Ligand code: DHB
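Only one chain is given next, in structure tokens, and it is the form predicted on its own.
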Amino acid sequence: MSLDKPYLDVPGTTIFDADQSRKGYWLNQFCMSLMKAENRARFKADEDAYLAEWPMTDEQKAAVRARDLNWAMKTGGNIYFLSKLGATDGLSFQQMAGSMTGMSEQQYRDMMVAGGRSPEGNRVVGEGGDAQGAMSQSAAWKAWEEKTQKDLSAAVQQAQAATESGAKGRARISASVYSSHVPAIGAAIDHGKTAEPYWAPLFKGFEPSKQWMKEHTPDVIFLVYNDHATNFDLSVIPTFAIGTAAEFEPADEGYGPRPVPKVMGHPRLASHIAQSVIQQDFDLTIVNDLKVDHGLTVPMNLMFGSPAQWPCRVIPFHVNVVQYPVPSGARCFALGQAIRRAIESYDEPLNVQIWGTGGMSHQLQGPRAGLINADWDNRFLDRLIADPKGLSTMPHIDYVREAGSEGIELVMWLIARGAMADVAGGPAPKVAHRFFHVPASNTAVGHLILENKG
């Protein structure tokens, strides 16, 4: 992938980045489990039985059994997590560090007493320092590599052939979709009430969208939504969080999980976006274990209906709009631009859509509950189409006063709008569909599909 990773040529060093985090998630979670005395006792009593409880790769389990920390880091382990394994064995951090150098314990201690390893010759691969060359390997790691070398060589040749013969190009954002994500809409779908007089007008407004989606199904959806006290309680409230897992189960929000398909992620693209956007100075929380609530699944139903499987992959992107301060419209708009740059630097010709969800005007709490401002909502849609940059400067208090305390969710639409081509100097998008309806339970429902031209 076309990411700036200047640390790849630092000798004897494995930087724990988003790709490593995704790859080593379960290995590191296993290590974290060893912080509990009862788990350490179970692991020591029967390592194989305990490891069998964790969905780690066979190679990761082999690295754990061998206590080869270099090998474990190659498979995604992080030294701070792996230190829990060393502590379980009664090792000090110095003993663990020494085990990775190819030196004896005494040699390593002598080096540290003498002032530690010098950076001279150890800054770039190919210099003459004492940390150059292959990493120290256990006999188990060497045996594993010998066993898998033939299969690896065949895989490399196959991948090279596919690269040479396959289509060239980069990912692109083809369209943005905007939709409210009212939980009652999901309940109406789940309980077969979509044709009832109350709900029929709303679902009729999304029929053109479902037809459009059949003709414009993307490879990946980057879906901006907010978690509704489902994954993130008040102990941890990330402002921006990206889901990098391979799959995401529907969450139980108190009524049981919705009967919708499991959401399949795109870990490689998600990790690429995370690293690229963070390098553009946006602080993202990387989430490798995430359940998705109605904020994500209701828009999927509205655009795809109720299939047995979702027809494309989804990257969930959470924004805090629950506890103030929430990110400003300007910050969200700029973030959308950073996401576009990240997606367009991905070396695979993927068709990506970006969705902004939530809103429109609604208030769910206090004596002002039930607030709806249809005129304001439609002016918001007008400006979102024609003047997104100006719209992004609207202060938080205007959302609260005019659109209700929960109307602040509309800042998430600005992330999707910021990712469109016209913001970067391209042509204005085509309005493929626009719809507005009041009410859906407590909420005004807005919907918009914008296509990138060219």
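Just so we're clear, the structure is a prediction, and the values are computed from it rather than from any experiment. All residue numbers are counted from 1 along the displayed sequence.
Just so you know, the form predicted together with 3,4-dihydroxybenzoic acid (DHB) exists too; it's not on screen, but the next bit is about it.
Enquirer: With 3,4-dihydroxybenzoic acid (DHB) left out here, work out from 175-183, 376-384, 343-351, 76-84 which stretch has heavy atoms within 4.5 Å of it in the predicted complex.
Expert: This holds for exactly one stretch, 175-183.
Enquirer: According to a 4.5 angstroms non-hydrogen atom cut-off, is residue 18 in contact with 3,4-dihydroxybenzoic acid (DHB) in the predicted complex?
Expert: No, no contact at 4.5 Å.
Enquirer: Even though the partner isn't displayed, in the predicted complex is residue 200 close enough to 3,4-dihydroxybenzoic acid (DHB), meaning a heavy atom within 4.5 Å?
Expert: Although 3,4-dihydroxybenzoic acid (DHB) is absent here, residue 200 would stay clear of it in the predicted complex, with no heavy atoms inside 4.5 Å.
Enquirer: Please determine whether residue 294 contacts 3,4-dihydroxybenzoic acid (DHB) in the predicted complex, using a 4.5 Å cut-off between heavy atoms.
Expert: Within the cut-off, so yes.
Enquirer: Taking the shortest heavy atom distance, is residue 228 within 4.5 Å of 3,4-dihydroxybenzoic acid (DHB) in the predicted complex?
Expert: Answer yes; at least one heavy atom of residue 228 falls within 4.5 Å of 3,4-dihydroxybenzoic acid (DHB) in the predicted complex.
Enquirer: Since exactly one of 139, 114, 364, 195 fits, which has a heavy atom within 4.5 Å of 3,4-dihydroxybenzoic acid (DHB) in the predicted complex?
Expert: None of the other options qualify; the answer is 364.
Enquirer: Across 410-447, which residues bring a heavy atom to within 4.5 Å of 3,4-dihydroxybenzoic acid (DHB) in the predicted complex?
Expert: Residues within 4.5 Å: 440, 441, 442, 443.
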